[in-house]
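Take a look at this single chain in structure tokens; it is the form predicted on its own.
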Amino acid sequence: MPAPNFCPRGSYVSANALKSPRTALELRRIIIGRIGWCLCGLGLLLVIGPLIDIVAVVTWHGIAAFSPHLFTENTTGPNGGLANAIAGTFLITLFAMLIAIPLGVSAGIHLSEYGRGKLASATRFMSDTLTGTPSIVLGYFSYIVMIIGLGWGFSLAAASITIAILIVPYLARITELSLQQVPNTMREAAYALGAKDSTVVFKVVLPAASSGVLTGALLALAISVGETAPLIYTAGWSNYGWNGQFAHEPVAYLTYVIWTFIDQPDAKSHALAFAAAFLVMVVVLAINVGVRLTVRRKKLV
């Protein structure tokens, strides 16, 4: 009879028992683990599959529709180009960012450095609420207030202000979180050297959190480029380029081309819509890549 072996738990088992196949409990764990991994892979496929399909379809049809006249002619119909829509999208995004960045970053600084009372709590609550508000609701609000109430009509000013209202909460929240990650020792060291509040904020804290603030600005830029619903109520549409007026003059934009021409029955309209969709997708993907690179650089530093 072989000598018994001592088990760590304090029981004696034979050598043959130690060499026996896996127990039923171990096999059950292995089977459940493999089923879990299969379900995770299936979920990943369900998420990535449609994305890959959308990118592939838009890229294939968009590149096929590309031609030099897209960048030189205005969108006057299926045979036209995208010059006015590209310029309009750029102008709306530019002026929206010029309005939103100072407001959003300033709000984030206040909430991070000085926001301790009821006003700060109310501001955070309203910011979170505005973030969850559908963009078409903001567009309808701007239509009532600016287009009808102020009498601006469809215009660049109404469109830019609406997009700015949409992205300010994102900028404020991301700025606040980025500033909160700056160690308090940096603030204390600056105050110990006799620095004022403004010096501490703008020369110590804000530069240290610049990567996070830039990330928020890029995300806001991507949101503004891809919006459609609020612009339908504020920018309208124009077959011509911008003439320099901020009010009483509608503006063209790329997402309107996608929304309008994809429903037309002819192939030329579909080609123009795919070309506009490809341009928007490339811009958004480029911005997202920039965000990734910014975050990666921040981690390396």
Partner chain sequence: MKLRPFRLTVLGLSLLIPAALCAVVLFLVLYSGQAIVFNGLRFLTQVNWNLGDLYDDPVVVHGIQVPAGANYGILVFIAGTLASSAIAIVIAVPLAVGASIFLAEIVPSKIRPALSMLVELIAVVPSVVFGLWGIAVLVPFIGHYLSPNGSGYGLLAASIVLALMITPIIASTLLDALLQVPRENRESAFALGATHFEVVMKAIMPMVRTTLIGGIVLALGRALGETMAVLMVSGGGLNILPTSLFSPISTISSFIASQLDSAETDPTNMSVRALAEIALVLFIITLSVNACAKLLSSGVLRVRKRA
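The structure presented is a predicted model; accordingly, all values stated were derived computationally and were not measured. Residue numbers count along the first chain shown, from 1.
Separately, the form predicted together with its partner chain exists; it is not shown, and the next lines address it.
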Completion exercise
in the model of the complex, the residue from A190, V182, L177, V145 with a non-hydrogen atom within 4.5 Å of its partner chain is V145
Exercise for the section: Verify the contact flag for L70: yes if a non-hydrogen atom of it lies within 4.5 Å of a non-hydrogen atom of its partner chain in the model of the complex, no if not. Expected result: no
Practice task
Tell me, yes or no, whether G117 is in contact with its partner chain in the model of the complex, where a contact means a heavy atom of each within 4.5 Å.
Solution key: no
Problem - Residue contact check: S127 to its partner chain in the model of the complex, 4.5 Å heavy atom - result: yes
Exercise for the section: Flag A64 as yes or no: does it have a non-hydrogen atom within 4.5 angstroms of any non-hydrogen atom of its partner chain in the model of the complex? Expected result: no
Exercise for the section: Let me know which residues along 226 to 248 have a heavy atom within 4.5 Å of its partner chain in the model of the complex, or say none if there are none. Expected result: G226, T228, A229, I232, Y233
